[in-house]
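Form predicted on its own, single chain, as structure tokens, below.
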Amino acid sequence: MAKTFKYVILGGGVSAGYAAREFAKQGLKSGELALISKEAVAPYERPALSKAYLFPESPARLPGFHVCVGSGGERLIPDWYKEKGIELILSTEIVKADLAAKSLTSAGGETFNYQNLVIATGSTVIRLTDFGVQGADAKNIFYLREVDDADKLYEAIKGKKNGKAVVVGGGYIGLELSAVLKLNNIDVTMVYPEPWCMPRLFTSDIAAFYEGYYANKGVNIIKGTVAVGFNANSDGEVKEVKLKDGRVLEADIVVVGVGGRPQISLFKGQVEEEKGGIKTDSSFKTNVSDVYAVGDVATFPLKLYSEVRRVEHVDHARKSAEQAVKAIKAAEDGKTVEEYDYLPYFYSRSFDLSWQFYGDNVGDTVLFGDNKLESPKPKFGTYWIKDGKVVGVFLEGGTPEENNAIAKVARIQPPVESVDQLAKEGISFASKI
């Protein structure tokens, strides 16, 4: 028997949870909305998995970080969905989507029909097995995307006390997990091919501070090479990581964070694509009527820069979901919503550090502040200047007021008269705008 809903949210991550909340806020009749997820738990704040979930003391656990606590909202436990008349369909993988027929088919053969579909399938991790890396299927090689992944990694950390870990990748996951593994008294080596960590965002100056900080914490960093193979022991557990430069590293645990790709294969040939995602308008509507795409999978018009982009970050996952639902509900009343006017925002926390970035990291850069490793509380940042205006700002160790100030600067893009003066003023330039 097919089940039919007015609205279906496909996915179980951050976007899905925030979309469900927005539907409830806009007004729903019982039984109108279903949320279908292949995970066994209700949507949760995914960033917790690479941070507090793995803490050695008082680790975060569900239901503590169900959405929407990450943005200071109500925690949507499974009972919340029940109270709102939303059908939460978990542990259900959709294997076929027929957008013309407005139907979805699960691995178990169930059919779900809809009037409006919100695609919130997010990203999947890139695995070394995808590239046929020798030995990459050994035990204790971990990826981090879902609670199940975090549970397995947590058990391995507990089971390999004072062991050795190799973290493959120098981006978000690599930096955050290296820090949390170190907090668990694991001996950590990070390996990445780029000349510095977090190359998509950091300048070499910014990266130099974090690499120095991590080195002082005892994290060994190997740059400019990649893992090309793994050796396992007689139990099938990883014991060595072979690097392209010929070095061999001992390892009880390997964590791989080499990026993700949007999960859009279900919709291939049915929706317009651009820049690796599903192309949408500023309401996240696709070229197929009544189908919307949000979060990691959406390539959308970024008004501030007059171009289309795909953004992989929790902040956009939340906001795009809310925008799409508002648009769906407005369209039913013959109304429209304001254009999505997103300011790119990224952040991270590790050890005692906390940084935020707003805007666009293009153009010339100006480093400011105190980035000395020996400082008790380093506070430094970088302005990006393009066409004589500040277009992006990074700040480590900022107060809430200072972080608000850099967001404002990135949004209004004030002109810069003197680069030297800007470097001298530092954060005070942003604070007085």
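Given the structure is predicted, the values throughout are model-derived calculations rather than measurements. One-based numbering along the sequence shown.
Keep in mind the form predicted in complex with a small molecule is missing from the figure; the text below concerns it.
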query	finding
Any non-hydrogen atom of residue 83 within 4.5 angstroms of the small molecule in the predicted bound form	no
The small molecule contact at residue 123 in the predicted bound form, heavy atom, 4.5 Å	yes
Residue 189: touches the small molecule in the predicted bound form, heavy atom cutoff 4.5 angstroms	no
Residue 410: touches the small molecule in the predicted bound form, heavy atom cutoff 4.5 angstroms	no
Stretch in contact in the predicted bound form with the small molecule, which is absent here, among 400 to 408, 386 to 394, 372 to 380, 47 to 55 (heavy atoms within 4.5 Å)	47 to 55
Candidate from 88, 266, 156, 291 lying within 4.5 Å of the small molecule in the predicted bound form - any heavy atom	266
One residue of 240, 360, 322, 312 in contact with the small molecule, assessed in the predicted bound form (non-hydrogen atom, 4.5 angstroms)	312
All of 13, 16 and 39 within 4.5 Å of the small molecule in the predicted bound form, heavy atom check	yes
